[in-house]
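So this first bit is one chain, no partners, the form predicted on its own, shown in C-alpha cells.
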Amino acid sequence: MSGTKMARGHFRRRLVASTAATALIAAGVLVGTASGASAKPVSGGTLYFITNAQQFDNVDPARVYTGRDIAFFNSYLYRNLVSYKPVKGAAGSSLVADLATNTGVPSNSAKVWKFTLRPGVAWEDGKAVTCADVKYGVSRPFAADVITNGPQYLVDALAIPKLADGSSAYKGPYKKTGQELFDKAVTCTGTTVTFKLNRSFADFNYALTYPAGAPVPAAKDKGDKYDLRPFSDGPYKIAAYKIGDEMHLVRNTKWSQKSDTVRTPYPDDIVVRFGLDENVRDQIMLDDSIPNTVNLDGLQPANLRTFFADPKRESQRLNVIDPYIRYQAANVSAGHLDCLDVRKAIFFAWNTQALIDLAGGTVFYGVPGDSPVKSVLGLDYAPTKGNIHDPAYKIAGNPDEAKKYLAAAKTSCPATYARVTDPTKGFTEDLPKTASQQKASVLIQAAMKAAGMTVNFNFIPSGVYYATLGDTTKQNDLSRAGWAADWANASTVIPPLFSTPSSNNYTQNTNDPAFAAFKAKSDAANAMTDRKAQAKAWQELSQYAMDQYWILNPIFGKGQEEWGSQVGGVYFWDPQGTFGFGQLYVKG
C-alpha cells in the first residue's frame, strides 16, 4: 500500500504479440458493444478491469492497504465516516462527509472525536448501518492474529493501554480480551460514535478515510474468511469472486444516492479479470480490442513506449508524478541483513540506471531518491546526506566501493559476510512473480556478482505479494516494496515503515539496538502539534533511517494509467495515486 499505503508497482517490460482479444473472450470476458462518444457521463454497460495478478491482495476492509485497492473498494463497496473529495487536482485531497454528517468534531485538544451518522444508509440486505456497526468495524484490526496487513492508525491511536511487547491490551472482537478497554475508548450514543485517543491527533479524521474504519455488521463477520465476501453498504455488491478468475460487482439495490454525496456509480456491472498473461493484457490495450476496459497494472516497458507514442491513444493515458517511492527493504533482524557494512555494500553495488532503463526510463519510471519521505510531501521532506549524495555513489553501481564495505564486513560481521559472499548461499530478495521482475532479477544478480556477492530470488505471486511479506516468517533478506504517505504528513510514513512493529515494517528493525531511541523520537513527533517542529523531527528520523540503510536505493516514482476508448470519466486521484474509480463510465 497511498501508503498507503503500498505501491502496486512492478517493473514493466516487453511483450510478444498475441491474439489478445480472442484469448480474453475465450476466458470469459465479453467485448463491450457500446460505441461512439459521450461528453457527459452515462449509466449502463459493463466496465472491465484487467490484471496479471491472481487476486486482490485483500478485500476485507480492515486489511485493504494498497492505494489502488483502497480507491477501488471505497468507490464501489465501502463507505467511511469521511472520504476524500472525488475530483482531480489538489482539491481531491480535501475531506468531505461520507457516512457521517460532517468531517468530525474534535475536542480536548483533538484527543476526542465525534461523528454522527447520516440517515438512510443501508447494507445490501436492507438493514440500516448503525453506530454499533461502525464500532464493530473499528474493533476488528485489534485482532492481530486474524486481521493482518491493514493500517494500524486506529490501533495505535485509541486510548487503550499497551502491553510490555507494545501490542494493545485489547485483542479484538473474537477473543474479547480487554473488551471493556475498547468499550471505553469507542462509545455509541444513538447515531453518534465517539473516539477517545491517547494523544492529540489533529489528522485523525484522515485516518478514517481508510476502510479499516468502515462499518462491518457483526452478524456477517467470518473472521479471516470475510476477506472472500465482505458485506457492502456502497453502490455495488459482490456477485462473485473467484481467485484466479474474476470478481463481478453488480448494483446494490439497497444503496441510495440520497444518502451518498460522494459516489456517482455509472456502470451496471463491474468485472475484474484476474490472471491475464502480461502479453495478452498489453495487447488488449495496444489494439483497443476491448474498449470498455481499464488496465490495473500498467504496461511492460516496450509496450508502454509504443502506447504513449501513439497519437491515437492520447486521450487514453496518463503519465504523472505519483505519490510513491519504490525501494528495497532490508530485513535487519538476526540472521538476515543484520550488518550495516553489508547493507552499504549492496547499496553501492546496485545498478540503479539499468533497472530504471528496464522499467521505462526516467520518463516513465522515476529518478533516484534520497529519503523514505518523497519530495512531493513538501514540509516534511529535506535532502538527506550520504546515500546517493555520497561522492562514491554511481547510478550504474560502484562495485569497487561495495568491495570496500565487504572487506570491512569481514571483520565487523564475519557470519553475514561469509553468507552473502558464498556462491552456494548468498542472500535472498523477495520480488513479485512477473515477467518484468524476472528480467530485473538478472540485472540485480549481475550487479551483485560484480561486487563479489551472491543473490537468490523468491518470486511471490503479485496478488499475494504484500500479504506474504506481512508474515515475518516468510520474508527474506531484501524485499522490493513501495510506499506513499496516507495523507500530507510523514506521520504516515516514518512510524508505519520504521517505528511500529507492524505488517508494513519490512525492515524488522525492532531488535536493532537503536530501535528504542528511534521509536521514542518517532512517538514524540507523532504527538507534536507544532507542524514546523514536527517536520524537523521527521527529517531527522528520515536521515537516520537512510544512515542505517534500512531501505536501499529508493526511487521517486512516476506512474502511468491506460484505458480503452469507450471508458469515460477518467482522472488521476491524488490521495491514492490512481484512478478516480467512482466516476468511470462506459461511453454510450
Partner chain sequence: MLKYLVRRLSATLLVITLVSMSVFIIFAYLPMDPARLTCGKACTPPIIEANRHRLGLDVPVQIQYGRFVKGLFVGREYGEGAAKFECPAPAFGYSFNKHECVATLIASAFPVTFSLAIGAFILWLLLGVSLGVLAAKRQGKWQDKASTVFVLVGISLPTFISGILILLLALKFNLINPIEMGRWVSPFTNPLGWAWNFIFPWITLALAFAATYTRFTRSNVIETSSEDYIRTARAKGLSEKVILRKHTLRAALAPIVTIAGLDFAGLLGGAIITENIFNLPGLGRLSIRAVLIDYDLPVILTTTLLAATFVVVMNLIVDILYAYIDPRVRVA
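Positions refer to the first chain, counted from 1. Since this is a predicted model, take the numbers as computed values, not measurements. Here the rigid core means the biggest group of C-alpha atoms that line up within 1.5 Å when the two forms are laid on top of each other.
Absent from the display: the form predicted in complex with the partner chain. The rest refers to it.
ask   = Which single stretch, out of 282-290, 262-270, 328-336, 102-110, brings residue heavy atoms within 4.5 Å of the partner chain in the predicted complex?
value = In the other structure, the partner sits against 282-290.
inquiry  = Since the partner isn't included here, can you check whether the partner chain sits close to all of Ala71, Arg317 and Asp370 in the predicted complex (heavy atom within 4.5 Å for each)?
reply    = Heavy-atom distance to the partner chain in the predicted complex: none of the three under 4.5 Å.
ask   = Of the residues Thr352, Asn149, Thr507, Gln475, which one places a heavy atom within 4.5 Å of the partner chain in the predicted complex?
value = So the residue touching the partner chain in the predicted complex, by this definition, is Asn149.
inquiry  = Give me the residue from Asp512, Asp390, Glu246, Asp203 that has a heavy atom within 4.5 Å of the partner chain in the predicted complex.
reply    = It is Glu246 that has a heavy atom within 4.5 Å of the partner.
ask   = Applying a 4.5 Å heavy atom distance criterion, does Gly234 contact the partner chain in the predicted complex?
value = No - in the predicted complex, heavy atoms of Gly234 and the partner chain never come within 4.5 Å of each other.
ask   = Is Asn553 close to the partner chain in the predicted complex, meaning a heavy atom pair under 4.5 Å apart or at it?
value = So Asn553 does not count as contacting the partner chain.
key: the partner chain contact in the predicted complex: Glu561, any heavy atom under 4.5 Å   = Although the partner chain is absent here, Glu561 would stay clear of it in the predicted complex, with no heavy atoms inside 4.5 Å.
task = Please check if Leu379 has a heavy atom lying within 4.5 Å of any heavy atom of the partner chain in the predicted complex.
result = No, Leu379 is distant from the partner.
inquiry  = Can you list, in sequence order, the residues from 458-492 that come within 4.5 Å of the partner chain in the predicted complex, counting heavy atoms only?
reply    = Sequence-ordered list: Pro461, Ser462, Gly463, Val464, Ala467, Thr468, Gly470, Asp471, Lys474.
ask   = Aligning on the rigid core, do we see the C-alpha of Lys433 shift 2 angstroms or more between the shown form and the other one?
value = Yes; that C-alpha moves by at least 2 Å between the shown form and the other one.
request  = State yes or no: after fitting on the rigid core, is the Cα displacement of Asp183 between the shown form and the other one at least 2 Å?
outcome  = It does not, since the Asp183 C-alpha is displaced less than 2 Å between the shown form and the other one after the core fit.
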